[in-house]
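Form predicted alone, single chain, as structure tokens, below.
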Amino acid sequence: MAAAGGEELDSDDGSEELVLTPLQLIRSLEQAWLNEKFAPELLESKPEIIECVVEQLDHMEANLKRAKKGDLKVSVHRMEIERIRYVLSSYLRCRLVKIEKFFPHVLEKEKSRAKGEPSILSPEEFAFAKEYMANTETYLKNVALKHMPPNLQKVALLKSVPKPNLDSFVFLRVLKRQENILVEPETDEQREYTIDLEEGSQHLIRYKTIAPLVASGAVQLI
């Protein structure tokens, strides 16, 4: 995948490249940001988008340096650059917060990932998560566990750290029409039922029900 200015994004199979305009690239970043912001779990990493956005920002900065001083367009473009930087930093910060909050579950999910399945962590995030887990284990051992009886000096972080709440409800906007989406009952008296999601419609629904649609880009969390 390539954006104007020479940025390239590989497709999933690595055999082709898709062309994105700078506007489409920024929209892809904003979609990833909103989904990450409102999803209860850590979503798939988007390193190609991040890399292309950084290159696009550098390209925009270079254009500003060549612009005439006093040109009103300079102020407008400067504001847009700062807006994009905010979205990018907010997206990355949101992911780091989730990694810190759910680190044992994130690492376990990455460890059990099937071959060919997209990673939820970038290489940098994976290194951060492993270091965070090691530091947490060291801290617990030095501060508390070494003072406890030998049979209590181990802690299972997978059991001790809460999992993401996939049963929480989220707002979404449908980008592509979906049919026969199975919805779990809210009470014992209810039964499972299916719904159709019309393009452009908005819904409040359990995250677990539509998680695959978020991953595929069929819906946008809002």
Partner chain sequence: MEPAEAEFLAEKELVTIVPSFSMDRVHLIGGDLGPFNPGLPVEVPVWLAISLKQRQKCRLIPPEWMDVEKLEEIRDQERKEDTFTPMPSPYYMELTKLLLNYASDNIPKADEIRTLVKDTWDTRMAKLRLSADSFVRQQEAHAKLDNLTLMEINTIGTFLTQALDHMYKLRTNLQPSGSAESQDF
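The structure displayed is predicted, hence computed values, not measured ones. Positions refer to the first chain, counted from 1.
Below, we refer to the form predicted in complex with the partner chain, which is not included among the displayed structures.
Colleague: Of the residues 141, 109, 73, 130, which one places a heavy atom within 4.5 Å of the partner chain in the predicted bound form?
Modeller: None of the others qualify; the residue that does is 73.
Colleague: Answer for residue 159 alone: is it within 4.5 Å of the partner chain in the predicted bound form, judged on heavy atom distances?
Modeller: Yes.
Colleague: Indicate whether the partner chain has at least one heavy atom within 4.5 Å of a heavy atom of residue 176 in the predicted bound form.
Modeller: No, residue 176 sits far enough from the partner chain in the predicted bound form that none of its heavy atoms falls within 4.5 Å.
Colleague: Just to confirm, residue 44 within 4.5 Å of the partner chain in the predicted bound form by heavy atoms?
Modeller: So residue 44 does not count as contacting the partner chain.
Colleague: Answer for residue 205 alone: is it within 4.5 Å of the partner chain in the predicted bound form, judged on heavy atom distances?
Modeller: Residue 205: yes, in contact with the partner chain in the predicted bound form.
Colleague: Just to confirm the contact call: exactly one of 73-81, 117-125, 147-155, 130-138 touches the partner chain in the predicted bound form at a 4.5 Å heavy atom cutoff, so which is it?
Modeller: Of the options, only 73-81 has residues within 4.5 Å of the partner.
Colleague: Judged by heavy atom distances of 4.5 Å or less, which residues of 81-115 approach the partner chain in the predicted bound form?
Modeller: If the 4.5 Å heavy-atom criterion is applied to the partner chain in the predicted bound form, 81-115 yields 83, 84, 86, 87, 90.
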